[in-house]
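Quick heads-up: it's one chain on its own, the form predicted on its own, in structure tokens.
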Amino acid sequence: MLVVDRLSVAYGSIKAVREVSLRVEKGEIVALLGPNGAGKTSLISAIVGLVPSAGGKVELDGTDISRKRTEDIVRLGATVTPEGRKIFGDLTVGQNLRLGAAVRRDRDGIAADIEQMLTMFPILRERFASRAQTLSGGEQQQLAIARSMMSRPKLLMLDEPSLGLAPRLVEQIFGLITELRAKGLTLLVVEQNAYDALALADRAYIMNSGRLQFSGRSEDLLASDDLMEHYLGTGTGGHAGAPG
């Protein structure tokens, strides 16, 4: 579904992503791990056109999206739920959901999808008319994901979905990610909680200093103390997440 070929991102003289190549197949959950500053957010931002690439190619379902506008990429079926959720706090839950469908014109379909999101996320039904800034962190994360789903993506990229959440809410969000895959969605998950991410992902990529360091099956990484220690700074004897 998603093919990234030697993608690079630069901010002036700073190279944030250095010729990274990866694939995400239809129906997969793929984890993208690594420390703060590794280039993970820059990579997924470039995939959806939020930041310009400095070289390389991105394909979605065989279509070259490397130079397309973000709006057009969303229409083609790829979207991202950003780190920190980035909801519109002064708007209501309902208004945030409608903004998620901004690229669509099918009014009846949008109404049906809002109802589907409210069924999937019952707390959003309860808080539908409330300002988004009054929601808890976990509720805001649910709203951010639901808003992304309103564009009817085929590929959903989640940037640090568990950031700042209590362990109970992290478990809830990761359970939701598994449910989304069961509904046919393909997911690329940037995550600092390495063990939680690897436990649900089919495969993993690990970045550091803008480069890929590892790619392989999540179960192989989890099963090897040496790999966990080398790439993530922790072995399976503990349960710490990857740095930032």
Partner chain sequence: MDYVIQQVLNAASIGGEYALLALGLAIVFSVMGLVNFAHGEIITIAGFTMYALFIFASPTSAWWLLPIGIAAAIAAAVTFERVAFRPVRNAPATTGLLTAFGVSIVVKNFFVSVVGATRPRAVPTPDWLGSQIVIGGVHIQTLQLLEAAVTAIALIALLALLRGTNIGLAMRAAAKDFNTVRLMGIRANQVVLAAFVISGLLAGLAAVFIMARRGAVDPFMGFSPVLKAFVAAVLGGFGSLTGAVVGGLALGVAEVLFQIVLPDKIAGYRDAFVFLLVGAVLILRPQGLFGRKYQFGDKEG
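None of the values given here were measured: they were computed from a predicted structure. Residue numbers count along the first chain shown, from 1.
The next section is about a form of this same protein that is not shown, the form predicted in complex with its partner chain.
**Q** If we take heavy atoms and a 4.5 Å cut-off, which stretch out of 22-30, 56-64, 43-51, 196-204 is in contact with its partner chain in the predicted complex?
**A** This holds for exactly one stretch, 43-51.
**Q** Please state whether every one of the three residues Glu71, Thr79 and Pro82 places a non-hydrogen atom within 4.5 angstroms of its partner chain in the predicted complex.
**A** Checked in the predicted complex: all three residues contact its partner chain.
**Q** Just one of Val103, Leu163, Leu169, Leu118 has a heavy atom within 4.5 Å of its partner chain in the predicted complex. Which one?
**A** Of the candidates Val103, Leu163, Leu169, Leu118, Val103 is the one lying within 4.5 Å of its partner chain in the predicted complex.
**Q** Residue-level contact is defined here as any heavy atom of the residue lying within 4.5 Å of its partner chain in the predicted complex; does Arg131 satisfy this criterion?
**A** Judged by the heavy-atom cut-off of 4.5 Å, Arg131 is in contact with its partner chain in the predicted complex.
**Q** Does any heavy atom of Asp90 come within 4.5 Å of a heavy atom of its partner chain in the predicted complex?
**A** Yes - in the predicted complex, heavy atoms of Asp90 and its partner chain come within 4.5 Å of each other.
**Q** Looking at the partner-bound form in the predicted complex, is Lys86 within 4.5 Å of its partner chain by any heavy atom?
**A** Close contact exists here: in the predicted complex, Lys86 approaches its partner chain to within 4.5 Å, heavy atoms only.
**Q** Just to confirm, Ser136 within 4.5 Å of its partner chain in the predicted complex by heavy atoms?
**A** The answer is no: Ser136 has no heavy atom within 4.5 Å of its partner chain.
**Q** Taking heavy atoms and a 4.5 Å limit, what residues of 144-171 are near its partner chain in the predicted complex?
**A** Only Arg147 sits within 4.5 Å of the partner.
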